[in-house]
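As a starting point, one isolated chain is supplied in structure tokens, in the form predicted on its own.
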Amino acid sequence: MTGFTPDLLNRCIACGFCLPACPTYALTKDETSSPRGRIDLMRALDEGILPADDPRVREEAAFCLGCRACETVCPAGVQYGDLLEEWRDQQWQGTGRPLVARLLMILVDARWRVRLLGLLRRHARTRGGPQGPSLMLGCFERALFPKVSRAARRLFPELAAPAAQGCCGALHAHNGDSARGRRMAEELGRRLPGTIVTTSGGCAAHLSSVLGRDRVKELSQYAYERDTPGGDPAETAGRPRIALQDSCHLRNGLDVWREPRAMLERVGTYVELPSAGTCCGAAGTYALVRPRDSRRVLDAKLDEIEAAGVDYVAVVNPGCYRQLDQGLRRRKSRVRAVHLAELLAGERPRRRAQ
């Protein structure tokens, strides 16, 4: 089965600007593991030159992080993220989809199961229907990082947070079922009328692509637009040194990267990491599906974080939160990963003793 949108597939002019921006090409220096090389594979698949079960086709569909960094440097405007979704829609059907991805998709496919994920965790929740802007409760963030939604509501008490709201569908869209992912986003849009505020950069990008950017705000955007106060930047004493790990889809898909930096400068001394805008290796389910490759991407970033002499590395996405928190713990680093919402709400986790 093939089904690439011709305009998307034919837009690539094979200029090679994408190669230096691609994390997997940086690891391998193999042309096939670059956006340009993968688009060549898609064309060969589309034209019947390669069969759908060709080992290299299957490998590269899975090896790609889907970070969309290539889109930001492409002079031809190739929408690689859309092409990757179409590719995985073809490749990842039935048993072709990685087992971990299949299990996670089943888990969030029904609202009652999503609600069950956070049932025993004290994530933010409000009763009654939303009357104003709503806080989207991340599926796995509810269970893994319930403090994030609580911090968001302390910052913005006007946000409704109904527990039975369901999944936004980003997980499905990125793992071979983009049609189902779109339907789930539309359903969430009906359940949360008005502005939807999310603490997940990946969810913000997916929801925006379906519901429109006027409906969806990532938390740093929402805070920036409301001029949320923080500490006095002129007062340096006692201010923590904070770095940022961008959410790939937030930065590369929505061009939102200035806002989180502006907000962090209000609560600490901001330190820009050289690789802040490149993928940390979390990439949705990637860290679970391909843990070895994920760690290879992460290792150099951890070196940077520790060399920067920061107290915290802030994140704007739960997948990045888990990835960096686990990586720093493995190294017994004193640096702590923390979500932007927690820092803005005044929460500063203690640095780990070495």
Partner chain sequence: MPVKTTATGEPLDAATLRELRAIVGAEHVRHADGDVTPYARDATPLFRARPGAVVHPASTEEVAAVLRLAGARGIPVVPRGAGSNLCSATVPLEGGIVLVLTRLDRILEISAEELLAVSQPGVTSAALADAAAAHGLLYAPDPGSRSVATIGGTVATCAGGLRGLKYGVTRNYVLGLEAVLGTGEVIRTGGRLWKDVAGYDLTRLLTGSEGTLGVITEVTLALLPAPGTAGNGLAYFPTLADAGRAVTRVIAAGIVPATLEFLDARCVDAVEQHARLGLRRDAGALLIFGDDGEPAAVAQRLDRMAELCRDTGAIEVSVAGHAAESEALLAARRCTLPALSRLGSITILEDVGVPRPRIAEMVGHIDDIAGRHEVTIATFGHAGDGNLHPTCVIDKGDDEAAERAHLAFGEIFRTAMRLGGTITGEHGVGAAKLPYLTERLGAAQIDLQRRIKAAFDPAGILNPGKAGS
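Positions refer to the first chain, counted from 1. Small disclaimer: the values here were computed from a predicted structure and weren't measured.
What comes next is about the form predicted together with its partner chain, which does not appear here.
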Item checked: Contact flag, residue 50 vs its partner chain in the predicted complex, heavy atom cut 4.5 Å -> yes
Next item on the list: Would you check, heavy atoms only and a 4.5 Å threshold, whether residue 77 touches its partner chain in the predicted complex?
Entry: yes
Margin query: Within 4.5 Å, heavy atoms only: does residue 68 come near its partner chain in the predicted complex?
Written below: no
Notebook entry, point to check: Do residue 40 and its partner chain come within 4.5 Å of each other in the predicted complex, heavy atoms counted?
Noted result: yes
Margin query: At 4.5 Å by heavy atoms, is each residue in 293, 301 and 321 next to its partner chain in the predicted complex?
Written below: no
Notebook entry, point to check: Hey, of 284 to 292, 325 to 333, 311 to 319, 42 to 50, which bit sits against its partner chain in the predicted complex at 4.5 Å between non-hydrogen atoms?
Noted result: 42 to 50
Check: Which residues within 13 to 40 place at least one heavy atom within 4.5 Å of its partner chain in the predicted complex?
Finding: 13, 14, 15, 16, 17, 19, 20, 25, 29, 30, 31, 32, 36, 37, 40
